[in-house]
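In the form predicted on its own, a lone chain appears below as structure tokens.
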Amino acid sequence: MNILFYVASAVAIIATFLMLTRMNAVHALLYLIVSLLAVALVFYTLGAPFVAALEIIIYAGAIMVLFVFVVMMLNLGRAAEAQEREWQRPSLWVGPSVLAVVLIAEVIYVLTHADTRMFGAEVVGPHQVAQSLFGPYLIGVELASMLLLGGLVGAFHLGRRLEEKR
């Protein structure tokens, strides 16, 4: 399992670096999705399958789909159409495809050769996560929720359109 951890970590680092260096928002989002999937595999190999599932469902699934929809809604007309035609070149999809194939191969290996104790760590279930979050880390969880609420209110305030006076 050590090799899986290191390969998934390398994929996460490479995908994150490529995400940071892309000028195109859609390509950056694709690399970010690959990076989040690799981090989920790292969590799984460390014995935290619940955290890995949350990483996939919440981050790589829901939040990234919202990011992709926002980028698509910001379509800029003819210039964006020309750019989309350029994006459809197969050479631009080689990087994310190679990294995704590596992750898929790792996931297949992990699922077929699964061991309940990886790296000598115990498997952490939802009950232990809930006890930690709502026990000693309760103040941190509440502060994070207040920060998210403040961000939501700020985004609403900045994004609303003022009605013109008649």
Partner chain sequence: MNPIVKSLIILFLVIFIPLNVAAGLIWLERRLLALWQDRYGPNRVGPFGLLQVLADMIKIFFKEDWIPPFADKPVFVIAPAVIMVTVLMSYTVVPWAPGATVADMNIGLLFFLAMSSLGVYSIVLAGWASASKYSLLGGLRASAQMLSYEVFMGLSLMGTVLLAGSFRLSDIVAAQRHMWFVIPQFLGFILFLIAGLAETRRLPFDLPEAESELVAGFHSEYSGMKFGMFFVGEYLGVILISAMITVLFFGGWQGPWLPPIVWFVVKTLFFICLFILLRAALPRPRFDQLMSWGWKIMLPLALLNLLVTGAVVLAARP
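Positions refer to the first chain, counted from 1. Being a predicted model, the structure only gives us computed values, none of them experimental. So that the term is clear: the rigid core is the largest set of C-alpha atoms that superpose within 1.5 Å between two forms.
The same protein has a further form, the form predicted together with the partner chain, not shown here; the description that follows concerns it.
For the options L66, I108, V101, V129, the one in contact with the partner chain in the predicted complex, meaning a heavy atom within 4.5 Å, is L66.
Using a 4.5 angstroms threshold between heavy atoms, V39 stays clear of the partner chain in the predicted complex. In the predicted complex, T21 stays away from the partner chain, with no heavy atom inside 4.5 Å.
Of the heavy atoms in F50, some are within 4.5 Å of the partner chain in the predicted complex. For the chain shown alone, L46 is not a contact residue for the partner chain in the predicted complex, no non-hydrogen atom being within 4.5 angstroms. Not one of L4, V7 and G95 is positioned with any heavy atom within 4.5 Å of the partner chain in the predicted complex.
Shown here without the partner chain, the chain has N24, V26, H27, L30, I33 in 2 to 34 lying with a heavy atom within 4.5 Å of that partner in the predicted complex. Once the rigid core is overlaid between the shown form and the other one, V129 counts among the residues whose Cα shifts by 2 Å or more.
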